[in-house]
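We begin with a single chain expressed as structure tokens, specifically the form predicted on its own.
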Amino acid sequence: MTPSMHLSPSVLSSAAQAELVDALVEQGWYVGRGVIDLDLCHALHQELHHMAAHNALDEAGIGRGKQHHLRKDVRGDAIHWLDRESDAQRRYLMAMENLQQVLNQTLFLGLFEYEAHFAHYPPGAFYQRHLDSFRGRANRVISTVGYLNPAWPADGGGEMVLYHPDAPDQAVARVVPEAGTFACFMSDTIPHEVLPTQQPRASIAGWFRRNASMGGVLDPAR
């Protein structure tokens, strides 16, 4: 992907759209460097840093609804759901809305909405290998991760490792959490993990979802 191409509320270049879509079709995952505008990364990073410094984040758990519980032995990040409370959040979410339209128009996925949260990993934190959704019961269809840390050091750790859907011990990508990098992958087929980080790690995790409402009950957003 061309480094000067920014993910913004404007339409992505046709070449960038084709690269992302082709990667999802051919291999189920995509990683691009220099995709998110660095000024936007800085604003989002500052916002998350302020929340972390003022204990305004929630400890992340596993499972949803009544099955949600904290497991520090599985994941150690703290989160805050994006709610458009800042201009930076609104810009990022508008960009994802644009990408949702592209994915629906090209892949006919029937994506209904997008949800996302800040993720702050303190030193030593990790997230064990997992899937974001399960085949046959998937309302999360495509997972996304936008990275916010500037000048990530070579020994900083915290990489996200993506694994082959049919060979779960075979790593297919190792994503360094540096500002501007954007990753997306199929939620129900690509196992992934976050390796232990050596310094505070900042990102936005998100999911394009289908509407799984049943019996007139609206599918909850989280």
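Keep in mind that what you see is a predicted model, and the values were worked out from it rather than measured. From 1 onward, residues are counted along the sequence shown.
Just so it is clear, the following notes concern the form predicted in complex with N-oxalylglycine (OGA), a form of the same protein that is not shown.
* Asked: With the partner left out of view, is Arg84 within 4.5 angstroms of N-oxalylglycine (OGA) in the predicted complex by any non-hydrogen atom?
  -> No.
* **is_contact(Asp132, N-oxalylglycine (OGA)) in the predicted complex, heavy atom dist at most 4.5 Å** => Judged by the heavy-atom cut-off of 4.5 Å, Asp132 is in contact with N-oxalylglycine (OGA) in the predicted complex.
* Does any heavy atom of Phe208 come within 4.5 Å of a heavy atom of N-oxalylglycine (OGA) in the predicted complex? -> Looking in the predicted complex, residue contacts with N-oxalylglycine (OGA) do not include Phe208, since no heavy atom lies within 4.5 Å.
* Taking heavy atoms only, is His192 within 4.5 angstroms of N-oxalylglycine (OGA) in the predicted complex? -> His192 belongs to the contact set for N-oxalylglycine (OGA).
* Please determine, with the chain shown alone, which of 121 to 129, 148 to 156, 97 to 105, 84 to 92 has non-hydrogen atoms within 4.5 Å of N-oxalylglycine (OGA) in the predicted complex. => Selected range: 121 to 129.
* Name the residue from Met160, Leu44, Val35, Ala179 that puts a heavy atom within 4.5 Å of N-oxalylglycine (OGA) in the predicted complex. => In short, Met160.
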